[in-house]
Ligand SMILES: C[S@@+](CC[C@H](N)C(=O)[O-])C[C@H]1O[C@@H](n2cnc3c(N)ncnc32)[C@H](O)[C@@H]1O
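Here you get one chain, nothing else, as C-alpha cells; it is the form predicted alone.
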Amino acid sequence: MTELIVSYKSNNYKHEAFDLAQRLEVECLSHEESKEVEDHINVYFLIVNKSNHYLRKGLSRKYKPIFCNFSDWATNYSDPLLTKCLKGLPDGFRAVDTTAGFGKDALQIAKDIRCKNVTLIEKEPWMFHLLKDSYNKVEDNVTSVYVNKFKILNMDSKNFLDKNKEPYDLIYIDPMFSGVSKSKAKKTLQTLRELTTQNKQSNLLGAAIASLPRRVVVKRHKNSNHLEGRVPNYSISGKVVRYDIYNLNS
C-alpha cells in the first residue's frame, strides 16, 4: 500500500512541516528519520522547504521531484488539442476544472487570451496543498498573468456543481484513465493513481450538464468509452487522448 509522509530537511521548516502533516493526518519525519523508513519504494515523501514543496517517491535520486511546475508549463508546454476545444467560447469566458490534479490543463485553459478565470476543484488535501503552494510561489510575470486567473478550492467536484449558482461557459472533466499500464503512465498520473482515494465519482458529467454551461469538455483515452455513456456532439482526437465536446448553449 502506498503511503504519504511529510518530511523536512532543515529545522527551519520543522513547525511548518508538522502543521501540514497534522492537516493531512499523516506522519511527519525529519530527513534523517525519513532515511530509516522501510520499503521506500512504497512511500511518497511530501518535502517542505523554501522553494516549491514537492513529492518524491522514495529517497533515491532516480526519483525526481514532482510538483506543480507552473512556470515551466507556462513557457515550455502546450496542448493544441485542448486549445482547439476552446474554439468558439466567448471573450471573457469563465471555466471550471472539476478534476484539477497538478493544474496543468487548467493552466492551458488560462493561457487563452479570452479566458477570464478558471476555478480549480481538487478533493485530495495533499494535492490541494501542492497547488496552493506552487500558486503562491509564482514570481515571473508571464506565469503570473495565467495563475492570477485561478481560484483553487479543496472540495468534492460534484458537490460543487450541485450547489453552484454561478454561470460558467466551460466545465472541464479529466477522469484518470483506466486500462493504461503504469509503465506508460506519466509520473504525475501515476502519483495521482497511487495516492488518490479510490472512490469512484458518479454522474459528474451529468452534474456538469445540469449546470448548463455553454460547453463541457471531457478528456478520455482515445480507446475509452464515452463517460457515463453520454455521446458528445463531437470529439477531437490525438494519438493517445480524445476530447469529447458537449455543446449546450450557444
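When you see a residue number, it is the position in the sequence shown, counting from 1. Fair warning: this is a prediction, and the values are worked out from it, not measured in the lab.
The discussion below concerns the form predicted in complex with the ligand, not included here.
Colleague: From the list 51, 42, 30, 196, which entry has a heavy atom within 4.5 Å of the ligand in the predicted complex?
Modeller: Answer to the contact question: 196.
Colleague: Using a 4.5 Å cut on heavy atoms, which of 129, 149, 111, 123 is close to the ligand in the predicted complex?
Modeller: Looking at 129, 149, 111, 123 one by one, just 123 meets the 4.5 Å heavy-atom criterion.
Colleague: According to a 4.5 angstroms non-hydrogen atom cut-off, is residue 96 in contact with the ligand in the predicted complex?
Modeller: Heavy-atom contact with the ligand at 4.5 Å: absent for residue 96.
Colleague: Within 4.5 Å, heavy atoms only: does residue 105 come near the ligand in the predicted complex?
Modeller: Answer yes; at least one heavy atom of residue 105 falls within 4.5 Å of the ligand in the predicted complex.
Colleague: Is there a heavy atom of residue 134 lying 4.5 Å or less from a heavy atom of the ligand in the predicted complex?
Modeller: Looking in the predicted complex, residue contacts with the ligand do not include residue 134, since no heavy atom lies within 4.5 Å.
Colleague: Does residue 100 reach the ligand in the predicted complex if we count a contact as any heavy atom within 4.5 Å?
Modeller: Answer yes; at least one heavy atom of residue 100 falls within 4.5 Å of the ligand in the predicted complex.
Colleague: Three residues, 157, 175 and 189; all within 4.5 Å of the ligand in the predicted complex via heavy atoms?
Modeller: Result yes, every residue of the spot touches the ligand.
Colleague: Since the chain is shown here on its own, which stretch among 83-91, 111-119, 167-175, 137-145 would lie within 4.5 Å of the ligand in the predicted complex, judged by heavy atoms?
Modeller: In short, 167-175.
Colleague: Taking the ligand in the predicted complex, which residues along 204-239 bring a heavy atom to within 4.5 Å of it?
Modeller: The stretch touches the partner through 204 alone.
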